[in-house]
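First, one chain by itself: the form predicted alone, in structure tokens.
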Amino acid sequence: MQSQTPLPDFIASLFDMIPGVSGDSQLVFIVSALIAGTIVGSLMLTQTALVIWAKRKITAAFTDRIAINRVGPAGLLIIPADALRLLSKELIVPEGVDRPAWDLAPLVLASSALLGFAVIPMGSLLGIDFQVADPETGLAYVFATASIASIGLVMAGYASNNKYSFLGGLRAVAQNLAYEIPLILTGMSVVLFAGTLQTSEIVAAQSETLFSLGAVAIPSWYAFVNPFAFVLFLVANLAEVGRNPFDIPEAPTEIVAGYQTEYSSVYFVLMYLGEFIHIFLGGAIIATIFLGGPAGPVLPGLVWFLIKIWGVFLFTQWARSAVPRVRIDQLIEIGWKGMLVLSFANLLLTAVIVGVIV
């Protein structure tokens, strides 16, 4: 197998070409990590920009409508057009807002999701491994940073001085309390199989063949090893990223737009980006712990990784278009009485299986 160079190490090696600069210095290490983080973040932001186009096309296909087709070929130029339109709008600050919290909420929402990508193994391209860091507690770090987004939703709802925004913030708290616990418990069932929280090791544990069907080899992805946990995680992830039937915190038909009602211009763009970056982070976690990470035939690992997270996005978009929204009381009941019980049962069953096998 061809050895891969971690992205920060590759960037640090470039500094060796500069006379008088050592690639082993602490400053070069910090700068290399920052550049690597910028590259990975830019890659994810590019995917998010493409969503502006893909979301409209997919929704139009589901509802039998003609999507954007006038702004550039196939409507692709809607991406820069929307960016220019939204960023050029006036930033309106309502009276009575809690200004520090109101200003910080969009930044918290967008940055928390980007931070999670730091430890995700995205695969390699041209011999370079696109992973910024690989700590032993990588999966715990991802769950921790992803949950920070909930704070941003609460800050936005509370600080807006708007009853609909406040209701959206309260719903965000209720939803995340009800579904983050099942999400993490289901993720921990994968940790029991892999025996580690290190994301690269979780991916490596799925590299073997589970069984063969003639000439077709079925990989030992945890989606095949434990499909029940995979389905549970997919459903909990829908609630975590606020997609139908769990888009209660924004619920346009009930509370206008919930926590983001009072946001405009660049702040709205940050809220919008944060929402979709969070969807891609959820897809990245699912790809890492259930779908073998960047594993796949023929194509480079990074390409396979992007295909998998786009597959998760398409699933969330299908749910948005095809599944009706549940009421807030139904959402809470599904979370506490259904998902929590099933996730504990899955964790217990996994522990028994692993204990017997070992």
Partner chain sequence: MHHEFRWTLSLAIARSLRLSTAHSPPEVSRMSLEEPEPSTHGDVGVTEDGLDYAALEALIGDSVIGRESHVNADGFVVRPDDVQAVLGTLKSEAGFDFCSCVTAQEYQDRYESIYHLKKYDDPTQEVSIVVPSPRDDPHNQTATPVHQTAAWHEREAYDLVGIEYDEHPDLRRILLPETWQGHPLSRDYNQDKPQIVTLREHANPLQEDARSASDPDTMFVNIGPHHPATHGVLHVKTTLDGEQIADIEPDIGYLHRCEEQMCQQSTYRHQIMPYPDRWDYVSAGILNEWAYARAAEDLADIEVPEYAQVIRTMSAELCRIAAHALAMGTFALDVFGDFTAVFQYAFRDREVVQNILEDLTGQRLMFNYMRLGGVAWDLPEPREEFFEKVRDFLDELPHKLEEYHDLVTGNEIFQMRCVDTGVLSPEKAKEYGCTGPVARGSGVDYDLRRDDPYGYYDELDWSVITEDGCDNFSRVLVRLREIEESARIIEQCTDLLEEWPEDDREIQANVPRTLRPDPDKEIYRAVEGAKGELGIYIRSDGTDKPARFKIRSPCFSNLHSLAEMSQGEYVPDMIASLGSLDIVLGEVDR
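Positions refer to the first chain, counted from 1. On a predicted model such as this, the values are computed, not experimentally measured, just so you know.
If you look for the form predicted in complex with its partner chain, you will not find it shown, but the lines that follow are about it.
Where does its partner chain sit in the model of the complex: which of 297-305, 45-53, 28-36, 58-66, heavy atoms within 4.5 Å? One stretch meets the cut-off, namely 58-66.
At 4.5 Å between heavy atoms, is residue 164 in contact with its partner chain in the model of the complex? Within the cut-off, so yes.
Residue-level contact is defined here as any heavy atom of the residue lying within 4.5 Å of its partner chain in the model of the complex; does residue 245 satisfy this criterion? Residue-level check for residue 245: yes, a contact with its partner chain.
Looking in the model of the complex, any heavy atom of residue 314 within 4.5 Å of its partner chain? Contact with its partner chain, no.
Contact with its partner chain in the model of the complex for residue 334, defined as at least one heavy atom pair within 4.5 Å: yes or no? Heavy-atom contact with its partner chain at 4.5 Å: present for residue 334.
Among 204, 256, 151, 269, which has any heavy atom within 4.5 Å of its partner chain in the model of the complex? By the 4.5 Å criterion, the partner-contacting residue is 256.
If the criterion is a non-hydrogen atom within 4.5 angstroms, does every one of 171, 321 and 329 touch its partner chain in the model of the complex? Looking in the model of the complex, the three residues 171, 321 and 329 all sit within 4.5 Å of its partner chain (heavy atoms).
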